[in-house]
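Single chain ahead, by itself, as structure tokens, in the form predicted alone.
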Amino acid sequence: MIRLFVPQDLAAGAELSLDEGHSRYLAAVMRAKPGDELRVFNGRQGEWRALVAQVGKRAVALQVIDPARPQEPGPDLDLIVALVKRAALETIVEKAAELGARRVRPVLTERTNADHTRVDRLQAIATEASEQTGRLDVPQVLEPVKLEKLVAEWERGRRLLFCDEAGGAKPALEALKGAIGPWAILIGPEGGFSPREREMLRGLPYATAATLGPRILRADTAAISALTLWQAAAGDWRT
């Protein structure tokens, strides 16, 4: 069943005009015809059945029929990741969406080897992954900020799992034992955190340093591993 994320409000009988990307996907790739059924969601009002109403050269229109699944809150988990090379960052965003992260927050650190990224492309990757995995919302991808700014504006009440490859930290599963409430996971750059950054992070009252094992992991592998462990210990994999 095709699933599409749409920004419009959803209600029985509503008519939706799809954007160029979704229209091209339905018309040219899926060869959709009037009357074909699909599912739509907007992150606010659950998932709805819809029918293809019209297929044009430049636009496809849908008609919303009835609700299929009610909206449910997802895990309150942010993934914070230092900017890395484009291919690895795109993989991280895709897997974060598949693994249920609420937001992806790129950060700039002292050893970051990339200073910019296309957030619009990353958001499109997150949207496509959400459509394919059946989740009812799409994680927000934020503009990159410096690590110091992120810490200065930290959301009160949110815990931080700081994945520290330098050693001397708790195993991640032990650090997450009994974890409840809002959390964030922080993954460093390919060169690791600087000594100054590591000292700062270890001094934060809401941060818990954790190790992902005896081997040094690539940033994308570390992100996927940490997200998986959090979901198993504190996320919606338990339900």
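What you are looking at is a predicted structure, and each value in this text was computed from that prediction instead of being measured. Residue numbers run from 1 along the displayed sequence.
Below, we refer to the form predicted in complex with another copy of the chain, which is not included among the displayed structures.
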Option touching another copy of the chain, based on a heavy atom within 4.5 Å in the predicted complex, out of 204, 68, 173, 30 = 173
query = in the predicted complex, which of the listed residues (212, 53, 64, 26) lies with a heavy atom within 4.5 Å of another copy of the chain?
reply = 212
request  = Report whether the minimum heavy atom distance between residue 11 and another copy of the chain in the predicted complex is within 4.5 Å.
outcome  = no
Residue 98 within 4.5 Å of another copy of the chain in the predicted complex, heavy atoms = yes
task = Although another copy of the chain is absent from this view, report whether residue 229 comes within 4.5 Å of it in the predicted complex, heavy atoms only.
result = yes
inquiry  = Please tell me whether any heavy atom belonging to residue 217 falls inside 4.5 Å of a heavy atom of another copy of the chain, as the geometry stands in the predicted complex.
reply    = yes
key: Partner-facing stretch of 79-87, 129-137, 104-112, 151-159, counted where any non-hydrogen atom is within 4.5 angstroms of another copy of the chain in the predicted complex   = 129-137
inquiry  = For another copy of the chain, considered in the predicted complex: do all three of 221, 224 and 238 come within 4.5 Å of it, counting heavy atoms only?
reply    = yes
ask   = Which residues, if any, of 1-33 lie within 4.5 Å of another copy of the chain in the predicted complex when only heavy atoms count?
value = none
